[in-house]
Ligand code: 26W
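As structure tokens, one chain now follows by itself in the form predicted alone.
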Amino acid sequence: MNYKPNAREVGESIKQKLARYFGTAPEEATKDQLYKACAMSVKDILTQKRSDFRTQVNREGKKRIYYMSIEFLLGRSLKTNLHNLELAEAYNEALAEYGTDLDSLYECEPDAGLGNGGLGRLAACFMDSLTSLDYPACGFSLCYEYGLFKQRIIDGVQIEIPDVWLPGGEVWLVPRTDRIFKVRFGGTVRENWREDGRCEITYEDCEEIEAVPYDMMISGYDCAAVNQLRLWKARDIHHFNMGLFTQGQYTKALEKSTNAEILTKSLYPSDNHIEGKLLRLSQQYFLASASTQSIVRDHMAVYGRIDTLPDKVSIHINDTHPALCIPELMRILIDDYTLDWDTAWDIVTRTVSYTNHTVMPEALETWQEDLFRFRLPRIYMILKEINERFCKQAWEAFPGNWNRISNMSIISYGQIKMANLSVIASHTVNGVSKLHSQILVDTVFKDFYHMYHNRFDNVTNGIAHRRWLCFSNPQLAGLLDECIGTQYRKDPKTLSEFIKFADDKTVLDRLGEIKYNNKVAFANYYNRITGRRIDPNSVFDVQIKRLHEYKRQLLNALNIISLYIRLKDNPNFQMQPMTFLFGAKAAPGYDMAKRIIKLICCLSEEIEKDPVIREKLRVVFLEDYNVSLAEKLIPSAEISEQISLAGKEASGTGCMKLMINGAMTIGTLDGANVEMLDAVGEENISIFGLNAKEVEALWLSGYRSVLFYGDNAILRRVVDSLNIGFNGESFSDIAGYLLAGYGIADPYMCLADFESYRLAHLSLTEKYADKDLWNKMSLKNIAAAGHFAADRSIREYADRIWKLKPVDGIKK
């Protein structure tokens, strides 16, 4: 098949799809029909290319990586696939004949509702790089019917509505009804020991659910590979009860089907009640069981020997959500392939690796032991055996230290600890930045490091630089092409060659023009969707990430309030006009996060009512922030807010996307900021506040936020203003949270870092007046950003952890 059709062939393909699937001609088709016809024609190309690639992988006997993640934040597929396949020009030319263009069709596609934030976006970036580098890979996740939620802001309040994405997104899915697996829950497990010493496992009264796979093709840039993301949808194995239905018992007839399908209805169901916890546990085992069964089935189909699994398969668990693949693989090896325990455990520990993404205690997953035993009885039996054997090893390492062993064990005090399971069973455990990896071995996994120090590694996160630079910011990519050639698209470290132009006035001016053009484009987009205007001549200061207290959107808001107070005191105060842009979703049950959104929105509304102040200061909260919105916003950003409390952010990848688009970072010494500082030099990044060791020391000495409040007159006015409030609403609860607290006052030290942040922000914005200086700093950030590309991360994983080789010798 021709992987690169010309415009005439593209037009004919679109015409055929419209006729076959919609019974219409191009000149009569709606934009939605044209979008789907384009998607189907692209999918045909990807499917054939995928088949050819898979054939070569099997011929060469290459090892495969299976990447398990509870979320993959893909965004839209049409634009990415066309750019990766270098077919955008041909499709645009063909569509021009039908009176439309790609930009208008892109807007027809919803963002795939398969993720929430950084974890899912990282997984998507990694799949892009794995494919672009010609590594054989398969991602596994769930086919959620609804995404996390669509965010609506009504009078400053976040309202969650269903994210219905499949009507426009299912065109990219390929149902694989030939690859259905059964997953068991509950019931009673019987062990029947045979005369030959084997144990035969039988299940009684268990619930069986079908896992139906839907494949999404993952393209890469200038490569031979096409990989796949396999998404599992839950289906009742008993199907429809016709007898009950004919008796008029319609709800009961559908009950079993409905209960099964709930498993893949939505990402991250609320778990503040027992039903939610049970659903989350069931989702995670459903993902782990179906994926592991699929991996073993595919391996045996090609190689026919289970003992070669570690040589041909690497299973990577992206955080602990898929960690139940460990006992599930043990179950398959012991129960289905009748291997003895030691042989099975050796295979598992040589196959599985684990990335930890957080040191936050609430994110280190645990399950109630009784709930786990009830829902997953066979897996519980296997976990108990893993735990008993591990505790014997731990006793040898720490004789008599029961407290230490209890902290390390998988099961203790009625809790099952998934992070401990992941460390014990993985041949490699990595953090996602140098600082985060060091914190892991110094604190969270300190005892494990004593036992397994050779097991720990670091791989700093990276981004899909082609998507976030080349495809999202074509003007900047064009300038780079002119200055340093196109090699950086495949070899991002060559971005460093751009530093040669740091003193080239023509290039610096071009860089400034491109940034301004991107700001105008975003301002026009924002006006089109909201009817409101923002000034492209103001500084675009951007904080885009999940709304969480440790990410400190509140600290940003406190600084904005200080600027607002200063302008109210003196409306003639000369300052660089600023537009602060926020994009964030709060978890539905996260009350403080929702109050911070309300504060930002009320502050925005009050400023908008003042015609003088709003010329110098604006606050914009972007509703329903997602990948597609980020692709429009990030090229326009000039200041990147990376202001988490030091020691809390594992890495961050938003900082990298903003950096590679020339934004200046203001941040703490946290996560990837530490390595960004090393890459660009302290004169090209604005670092403020306490470092991780200073944060720890302040906690140990007894942090008292009220002391910072009392010592700083500006901060005092800011916090006091919360009691009065904005736009008619008091935020005395947030003032109380900062000073009195609901446990510990100001738990993320906004007040401790406020003055350092305020001064750093002021210093950074003062530099903006010198356009040559600002553009030079921007250029140096772009030139240093190659290290933070996912291609580098994936090569490190492949070489050091997965022992993976790219496929060679096939036509691209």
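Numbering starts at 1 and runs along the sequence shown. The structure presented is a predicted model; accordingly, all values stated were derived computationally and were not measured.
We do not show the form predicted together with this ligand, though everything after this point is about it.
*Asks:* Go ahead and superimpose the pocket C-alphas, place this ligand as found in the model of the complex, and count ligand atoms within 2.4 angstroms of backbone or C-beta atoms: 3 or more is blocked, zero is open.
*Replies:* Transferred pose: open.
*Asks:* Is residue 213 one of the residues lying within 4.5 Å of this ligand in the model of the complex, judged by heavy atom distances?
*Replies:* Answer no; every heavy atom of residue 213 is more than 4.5 Å from this ligand in the model of the complex.
*Asks:* Just checking whether residue 321 would be counted as a contact of this ligand in the model of the complex - the rule being heavy atoms within 4.5 angstroms.
*Replies:* Judged by the heavy-atom cut-off of 4.5 Å, residue 321 is in contact with this ligand in the model of the complex.
*Asks:* Would you check, heavy atoms only and a 4.5 Å threshold, whether residue 551 touches this ligand in the model of the complex?
*Replies:* Contact check for residue 551: yes, within 4.5 Å of this ligand in the model of the complex.
*Asks:* Residue 118 versus this ligand, in the model of the complex: is there a non-hydrogen atom within 4.5 Å?
*Replies:* Heavy-atom contact with this ligand at 4.5 Å: present for residue 118.
*Asks:* Would you kindly say which of 273, 190, 505, 305 lies with a heavy atom within 4.5 Å of this ligand in the model of the complex?
*Replies:* Of 273, 190, 505, 305, the residue with a heavy atom within 4.5 Å of this ligand in the model of the complex is 273.
*Asks:* Quick one: of 651, 289, 227, 661, which gets a non-hydrogen atom within 4.5 angstroms of this ligand in the model of the complex?
*Replies:* If I apply the 4.5 Å criterion carefully, the residue I get is 651.
*Asks:* Specify the contacting stretch among 289-297, 585-593, 706-714, 263-271, defined as having any heavy atom within 4.5 Å of this ligand in the model of the complex.
*Replies:* After filtering at 4.5 Å, what remains is 263-271.
*Asks:* For a quick test of understanding: in the model of the complex, does each of 46, 179 and 233 have a heavy atom within 4.5 Å of this ligand?
*Replies:* No.
*Asks:* Between the shown chain and the other structure, the Cα gap of residue 274 to residue 187 differs by 3 Å or more. Is it closer or farther in the model of the complex?
*Replies:* Here the pair is closer than in the model of the complex; there, farther apart.
*Asks:* Given that the shift is 3 Å or more, do the Cα atoms of residue 272 and residue 187 end up closer or farther apart in the model of the complex than in this form?
*Replies:* Relative to the displayed form, residue 272 and residue 187 move farther apart in the model of the complex - a change of at least 3 Å between their C-alphas.
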